[in-house]
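First comes one chain, alone, set out as structure tokens in the form predicted on its own.
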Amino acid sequence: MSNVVVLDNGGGLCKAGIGGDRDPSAVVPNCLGRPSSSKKWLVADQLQACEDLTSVSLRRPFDRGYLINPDLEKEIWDRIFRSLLRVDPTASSLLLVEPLFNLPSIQRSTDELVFEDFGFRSLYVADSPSLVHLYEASHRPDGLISRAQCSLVVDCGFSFTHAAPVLQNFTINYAVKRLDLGGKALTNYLKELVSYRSINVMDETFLIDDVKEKLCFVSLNVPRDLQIARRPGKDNLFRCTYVLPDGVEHMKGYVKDLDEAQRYLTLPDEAWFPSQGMKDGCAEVPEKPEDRKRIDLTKNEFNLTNERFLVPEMIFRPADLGMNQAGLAECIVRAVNSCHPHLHPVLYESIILTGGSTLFPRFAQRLEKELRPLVPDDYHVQITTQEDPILGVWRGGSLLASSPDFEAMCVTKSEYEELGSARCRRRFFH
């Protein structure tokens, strides 16, 4: 049995398991939480097991993608290694996935955690794009990614989004472009929209995460969809209702009518409706203020309409929210243009989507639609979404950990004690 622990230490979720396995043994929140009904802080999987997560207070070891509280991380790792994986760190090696451009001070803190607090035998540090490339290349041995040994990994994670070119299993660091938007920012934006329009949910992180995952989608035609979202009643294909937990019958929130929530899928991909104020060629009757559906505060539910597609829209149009950032398509083009011109056609043809925020319906279609006008006509654009974007990085790590020369690539505890963190880190080409 392999004694390599693979840990994808994300800002939102920790994925941990044994090298060589297909899937991680534990996928848990990388945070501590205290429900309003309790005085005890719950760690990782205890949060998942807790039934009542309304108004839960959260403490995260990560902020804006980087580790800021090693003591908190130690508590979470301790729970994962001892209770969930049941491994002895002193007899195991660790493959750790770190964020790109990790600061030297954070690297030192991480090394102290690994070697001094847990006493791991050896450590290998990897970044997510190279592991995603490794997994996809081995998963499709006859594909372009495997033959060209080159890909562009778009990782839409919890804290931010990276467009990272990878060549021969090494991330081309100087060409990586970052967008300071991830799943956390999207959840916070949805919280603000719902709180402003319906009911105060600013403290309901887990609940709004659930709303985002179940109901949000990427629009392929924003002006058209904004028109439809203004329609009253059943003509509005985006209107749907989310029921909040009542603490008696339902401890978790749920979508009231799933069929109603899926109605937007009946829309054609590309179809312009007649000009504003017109519907199916007829003048649209303006909605009277008294006809407008008022929010019933006695009911434990709220409606969503255009929020469903305006939230993921942030990734493609951050400037609309006043952020001085390029959209995802422009980010990709800038990353490709930072590489050698000979790589450009191959990179555009081997774009890999990973990370939880790529799970929104129609994400890949919209990205291709945005990219096409920015890419030269003689280049082919091919976007591949991983079969499980959340576990893709971990699976690549598991594959690397099971390779025969893995131990030779690691830094051992004795090397760390003799040379120190900075010297040891040079081995990982970061």
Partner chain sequence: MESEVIEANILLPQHLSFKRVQMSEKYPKGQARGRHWKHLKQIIQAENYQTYPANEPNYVNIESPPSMYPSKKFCDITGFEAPYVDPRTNLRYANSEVFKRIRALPNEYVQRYLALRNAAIVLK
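Please read all numbers here as calculations on a predicted model, not as lab measurements. Positions refer to the first chain, counted from 1.
This next part talks about the form predicted together with its partner chain, which is not shown.
Every member of the trio 63, 68 and 106 reaches its partner chain in the model of the complex with some non-hydrogen atom inside 4.5 Å.
Considering its partner chain in the model of the complex, the lone stretch of 178 to 186, 209 to 217, 301 to 309, 240 to 248 in range is 178 to 186 [heavy atom distance within 4.5 Å].
Interface residue among 202, 321, 326, 267 relative to its partner chain in the model of the complex, by the heavy atom within 4.5 Å criterion: 326. For the residues 330, 349, 98, 73, the 4.5 Å heavy atom test against its partner chain in the model of the complex is passed only by 330. Its partner chain is not shown here, and in the model of the complex it never comes within 4.5 Å of any heavy atom of residue 58.
Although the partner is absent here, residue 230 lies within 4.5 Å of its partner chain in the model of the complex, judged by heavy atoms. When its partner chain is considered in the model of the complex, residue 196 lies well away from it, no heavy atom lying within 4.5 Å. Contact check for residue 374: a non-hydrogen atom falls within 4.5 Å of its partner chain in the model of the complex.
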